[in-house]
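The chain below stands alone and is given as structure tokens, in the form predicted on its own.
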Amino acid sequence: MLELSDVCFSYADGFTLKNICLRIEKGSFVLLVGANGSGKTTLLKILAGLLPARSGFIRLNGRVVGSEELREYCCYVSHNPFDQIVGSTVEEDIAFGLENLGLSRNCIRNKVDRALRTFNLSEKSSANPLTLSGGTAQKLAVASMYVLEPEVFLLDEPTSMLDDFGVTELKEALRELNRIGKTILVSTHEPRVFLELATSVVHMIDGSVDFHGSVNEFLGRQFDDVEF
């Protein structure tokens, strides 16, 4: 479980996150919605340990943690999966993080094979990642994080480059992750795509959270900056 208490952050240009209080339950599937510039990406990067909170506290299972521990517990997937590709083949890309951990070759092979099966990437294992479709590349980006065994997956506008088939591929991958108990936060301008998977919705405006509730509660509200 992740809990944010009065978390604040500011950039040099003056934009701030203001007193974010949020509780994310283990195994939940949370949608993060709001207009461009409302703070969604900044919040995800703070949770991923990529940006430090300027004040406030983040608790992990009741214990206050910093950016280093968050990076071990959470992973961030950019809206453009090609930004995160580092390997010359699909399986090399998945193996990259494991190799940096110094794991044995046999252990790496087993973890990579499991990820290839889990995300239906086995037939693409030898392919150049730069030749993949947007949907398959997004699955690869998630699979490359999956092998590192994070508990929380943070996806930033993951459907922005995808066609309908790619969206379906991604949804099935996220459904499987959530089924095995992983916590998922998805920042999106297309909440309708994920409503069937979501357990709750967070709405942000001007650097603050002004709503966190169930899908039914969300659908019963009117948000001018949310489109269906």
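Don't overthink the numbering: it's just position in the shown sequence, from 1. Remember, predicted model here, so these are calculated numbers, not experimental data.
Another form exists, predicted in complex with a small molecule; not displayed. Remarks below refer to it.
- When contacts are judged by a 4.5 Å heavy atom cut-off, Gly166 does not count as touching the small molecule in the model of the complex.
- Under a 4.5 angstroms non-hydrogen atom cutoff, the small molecule in the model of the complex lacks His203 among its neighbouring residues.
- In the model of the complex, the small molecule lies farther than 4.5 Å from every heavy atom of Arg175.
- Within 4.5 Å of any heavy atom of the small molecule in the model of the complex lies no heavy atom of Lys182.
- Contact with the small molecule in the model of the complex, defined as a heavy atom within 4.5 Å, is made by none of Glu91, Asn120 and Lys124.
- Residue in contact with the small molecule in the model of the complex (any heavy atom within 4.5 Å), chosen from Leu50, Leu197, Met161, Ala35: Ala35.
- Checking 23-31, 39-47, 65-73, 167-175 against the small molecule in the model of the complex, the stretch whose residues place heavy atoms within 4.5 Å of it is 39-47.
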